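Only one chain is given next, in structure tokens, and it is the form predicted on its own.
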């Protein structure tokens, strides 16, 4: 559903299902001990071997069918819950058992967050502070959904867990209104002319913008104000095999950035998926910056459209940003300008962060899931006074922090944000300084 969450893949006609797996002996009785970083529950055999069990909750006593081993870890299918955990709850979404979007809805939100706190602390090696309290429902402002013909009718929804089968979604539990019913509304509207495709939507301060793309049975009428009112959007783009039709706004503003340094995004552009979570991330970065005094400058790597740039401008006399995506950097230039000559926005590869710092600088990193291994090696050589690392991937963050520590940095503080309730995803913010 997003770059930092499970995405729906592009639509096709196939409805492939997971192939049957060969059983590995008779079922075994196990106790679920924890939740894994990729969404599965964790149990152990009497031998000590780890077994990943999708659908388990910590404290469950379960019967599991084993299916061999991959990457040194046993795999299992939940057959029966012989004794449910106190942390097991009824999923609030009616398609939670089949949709691939939210694989922790059967676990209480309190236990989900306890697991994430443990993961964040293990990643940074210090005590970490939770910041923000995103709601468990209606938190998501960005969506990517499939549009497919099912039984002769166009349906909208998301992929089933581990397959290419569509799960039609009348209303999505985690999408914010009016996005929650948008897949079904788009499918009904596009049914006369769309064969297969996908929708990309973003809710901003001005409302919802939507992009529908795919293969058409025939060309639709150009979108207009009536179409927008039907779908509840302020901007609509239709992209079909090289032809584009458009009405209304092409970008919206992230509501939490609108007052000082605005950030805009298009329908398919990246932003933190929840406004409340992004506000929490920004608060953590502000807190980290408040501990750094007498800064001569700041450098932001993997800067995107400028989500965190304004915070640096509020803390340092000069700021340079680096982002590989030219569309994102042009959007940042358009919305942020040059801040009176204090801001330089560059398009380029953040793995080469540029020259050593001039004076006392803080360098801020916000990479995607692959992390910033090469960049951290360069930082360890250039030795800016402080590093703030914002990460959605604990495994690569752990690796990169080790590189920085080897270069002389010390972990000072850490925060975590529940950016994606009902999933294993967590955002971790780390502040490191030179000893």
Ligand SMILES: C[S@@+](CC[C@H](N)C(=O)[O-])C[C@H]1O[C@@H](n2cnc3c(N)ncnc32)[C@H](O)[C@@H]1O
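Just so it is clear, the structure is predicted and the values come from calculations on it, not from any experiment. Residue numbers count along the first chain shown, from 1.
Form predicted in complex with the ligand: not shown, discussed below.
Heavy atoms within 4.5 Å of the ligand in the model of the complex are found in exactly one of 87-95, 360-368, 162-170, 222-230, that being 360-368. When you look in the model of the complex, the only residue of 200, 187, 176, 350 with a non-hydrogen atom within 4.5 Å of the ligand is 350. Only one of 209, 298, 277, 308 comes within 4.5 Å of the ligand in the model of the complex through a heavy atom, and that residue is 308. Although the partner is absent from this view, residue 323 contacts the ligand in the model of the complex, with a non-hydrogen atom inside 4.5 angstroms. Heavy atoms of residue 270 reach within 4.5 Å of the ligand in the model of the complex, making it an interface residue. The ligand is not shown here, and in the model of the complex it never comes within 4.5 Å of any heavy atom of residue 235. Though the partner is left out of this view, residue 304 does reach within 4.5 Å of the ligand in the model of the complex, counting heavy atoms only.
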